[in-house]
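In the form predicted alone, a lone chain appears below as structure tokens.
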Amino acid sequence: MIIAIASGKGGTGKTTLAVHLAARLAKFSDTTLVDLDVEAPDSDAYFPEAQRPYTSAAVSIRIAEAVDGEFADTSACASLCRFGAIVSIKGILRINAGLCKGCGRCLRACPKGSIRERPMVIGQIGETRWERLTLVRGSLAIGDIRATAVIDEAKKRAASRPFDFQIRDCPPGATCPTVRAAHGADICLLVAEPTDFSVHDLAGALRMLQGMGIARAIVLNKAGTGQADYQSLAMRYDAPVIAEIPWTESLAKAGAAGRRADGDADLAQAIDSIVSYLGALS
């Protein structure tokens, strides 16, 4: 079973749920936790007992470049680039390597053969193990914007490892990286808080999953800290609330320190409820 964990906004406790659910499942099943929040991956930090150092591999794409650094403006190449990577300056075309997605359209369309491709490293994939848990981490190069390419490679690495459960820690929001990370999951658990801000963004994430045809459920974090109406959204988008995690000082301190809270009874009860729900689906 592939379980995506996402949220309408950052800071709701998405990674907290991902790491504790993965640790719980790994007690009795081969489990993979893949961090697809590639702009800020941190799930591996919750497992200091995992093997070090990581095995790692670079993620690269083939981007376009002009054969001589620049080429005469024929307009054919620039008009085909849907990412704005080819610009015309005083009749000369130049390629912005930071914007090129490596789709190859300009290379195929160039009437003068003035474009070629070269590899460019845009991130890293790391991997390590702890008992029955495999940890895979995608990490986007600083300043790069091609998160989806790194997400794809991290998903491929995770898929190549045997697992009973695969947990995906997805980027927050309802953006292209979130769509790419959640795609192919059997179910997506959305972590939300009972605040108007969180519920507003939860609605966008639920619409995204509905459009993708992915089964969905809600985990309410910091229960009791707000009165926002999340139940109406749950009913509207066929997303049952399967667990509630109350705010506790001990859990907040653990999160701030970047460590697991294995001894927190309320969190353990919520994780057990989620495991039971997933078991009923499988």
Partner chain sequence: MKTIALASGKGGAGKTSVAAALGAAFGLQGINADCDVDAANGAIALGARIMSSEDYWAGEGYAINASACSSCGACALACRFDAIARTASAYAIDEALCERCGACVDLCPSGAVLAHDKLGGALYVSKTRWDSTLVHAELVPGEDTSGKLVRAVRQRAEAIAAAANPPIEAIIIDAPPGIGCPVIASLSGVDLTVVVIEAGSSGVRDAARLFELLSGMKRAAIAVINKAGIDAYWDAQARGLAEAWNAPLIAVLPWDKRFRLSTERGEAWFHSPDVFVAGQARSLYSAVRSAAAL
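Keep in mind that this is a model prediction, so the values were computed, not measured. Positions refer to the first chain, counted from 1.
This protein has a second form, the form predicted together with the partner chain, left out of what is shown; the following refers to that one.
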- Query: With the partner left out here, if you bring back the partner chain in the predicted bound form, are 27, 119 and 161 all within 4.5 Å of it by some heavy atom?
  - Reply: no
- Message: When the contact criterion is heavy atoms within 4.5 Å, does residue 186 count as touching the partner chain in the predicted bound form?
- Response: no
- According to a 4.5 angstroms non-hydrogen atom cut-off, is residue 212 in contact with the partner chain in the predicted bound form? yes
- Interface membership of residue 226, the partner chain in the predicted bound form, 4.5 Å heavy atom rule: yes
- Message: Residue-level contact is defined here as any heavy atom of the residue lying within 4.5 Å of the partner chain in the predicted bound form; does residue 108 satisfy this criterion?
- Response: yes
- Message: Just to be sure I understand the contacts: of 59, 245, 218, 38, which is the one whose heavy atoms reach within 4.5 angstroms of the partner chain in the predicted bound form?
- Response: 38
- Using a 4.5 Å cut-off on heavy atoms, which residues of 189-207 contact the partner chain in the predicted bound form? 195, 196, 197, 200, 201, 204, 207
